[in-house]
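The chain below stands alone, shown as structure tokens; this is the form predicted alone.
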Amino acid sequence: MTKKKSNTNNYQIPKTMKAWVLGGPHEMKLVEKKVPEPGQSEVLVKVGAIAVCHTDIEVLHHGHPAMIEGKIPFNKDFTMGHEYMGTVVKTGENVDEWQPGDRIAVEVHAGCGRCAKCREGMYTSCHNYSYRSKGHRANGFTTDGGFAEYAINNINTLVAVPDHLSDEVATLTVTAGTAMYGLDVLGGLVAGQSIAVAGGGPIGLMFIALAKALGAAPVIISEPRPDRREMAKHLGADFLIDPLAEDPVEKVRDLTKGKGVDFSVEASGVPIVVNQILHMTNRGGKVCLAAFANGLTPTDLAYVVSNNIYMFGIRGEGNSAVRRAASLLEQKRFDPSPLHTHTFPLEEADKAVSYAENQTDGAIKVVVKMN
């Protein structure tokens, strides 16, 4: 008989904690909140560090895609933030998969576990999204996230952090999981296939790093900022395109002997870039839409249909993509550490979000580190 691990430990857990909550649109407030208790299949995580994601900025200003019981999260004592790591300090009832002291990074979505999509493993497409009452949780979107000293996580959202990763770099595990989900499970990228990425933000750059690690060739980026293009080169891009100086579609066609790439990623969120990405793609190729675009985006669907192009969107990570990304990190198959550019304490999380939003001082991945 397997001995059940005890959830008792020597961690001194306070009754209250510091946490940032949403007020109205554009408003973050630092408050004292009650430290939550883990339930069945849950653990309490002492947050070590959390990275700012562009989706956090969307939530701050617009609420969506965060929702609580089907409603926008403003003025509901809601804590956003989903790209965090930390240490398990308490386990819920019947939890023996993890124990206090385990150093972990987190996946965002647990899903409800009861709908058809969750049972297929597509918990990022959960039919009960936002309804905690039905068992769904997506930390930082439908349940409290990591801009706080403590957070609750379902056991299925945890991945081990190897000793060689700093807290700051470990926060990038989730970003890597999102890129992995687009590349392997949904995209089916095969080593030796060519790829073009439009947009050198954190997710676009992570696509570059992982595509290289998975054997894509050549790896091409289209990005107007020279510092981001240089970062892409450092992460493994073979060819750099400045879309303000040359036609990116013509350049990609030139680089691929007129055929276009096998796989392309739209990671800029700029509406006109969608059609550029389509026309960079080879017949029968795949297009991954990895960025939110505000408003309707004109798309050359006739080109998509006539060239048998497969288009798909990704909603964060899924199908245990974070675990696969974490495995590559543990094996040192790629190094995302150059993406981490700035660090702030918890008390300055609002400043960290501002730096990320405005790309202040060349900010790429901005991290909030707990004391």
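This one's a predicted model, so the numbers in the text were calculated from it and none came from an experiment. Sequential numbering from 1, following the sequence displayed.
What comes next is about the form predicted together with a further copy of the same chain, which does not appear here.
Think of it this way: in the predicted bound form, a further copy of the same chain has a heavy atom of just one of 103, 225, 234, 134 within 4.5 Å, and the residue is 134. A single residue from the set 77, 230, 246, 184 has any heavy atom within 4.5 angstroms of a further copy of the same chain in the predicted bound form; that residue is 184.
Proximity to a further copy of the same chain in the predicted bound form holds for none of 178, 276 and 371, with the criterion being a heavy atom within 4.5 Å.
Using a 4.5 Å cutoff between non-hydrogen atoms, residue 267 does not count as a contact of a further copy of the same chain in the predicted bound form. Contact check for residue 239: every heavy atom lies farther than 4.5 Å from a further copy of the same chain in the predicted bound form. Proximity of residue 204 to a further copy of the same chain in the predicted bound form falls outside the 4.5 Å heavy atom cutoff. Contact between residue 327 and a further copy of the same chain in the predicted bound form is found at the 4.5 Å heavy atom cutoff. Look at 196 to 204, 166 to 174, 79 to 87, 149 to 157: in the predicted bound form, residues with non-hydrogen atoms within 4.5 angstroms of a further copy of the same chain sit in 149 to 157.
In the predicted bound form, the residues of 314 to 349 lying within 4.5 Å of a further copy of the same chain by at least one heavy atom are, in order, 314, 315, 319, 320, 323, 324, 327, 328, 331, 333. In summary, the C-alpha positions of residue 155 and residue 186 diverge in the predicted bound form, ending up at least 3 angstroms farther from each other than in this conformation.
The gap between the Cα atoms of residue 111 and residue 186 is larger in the predicted bound form, by no less than 3 Å, than in this form.
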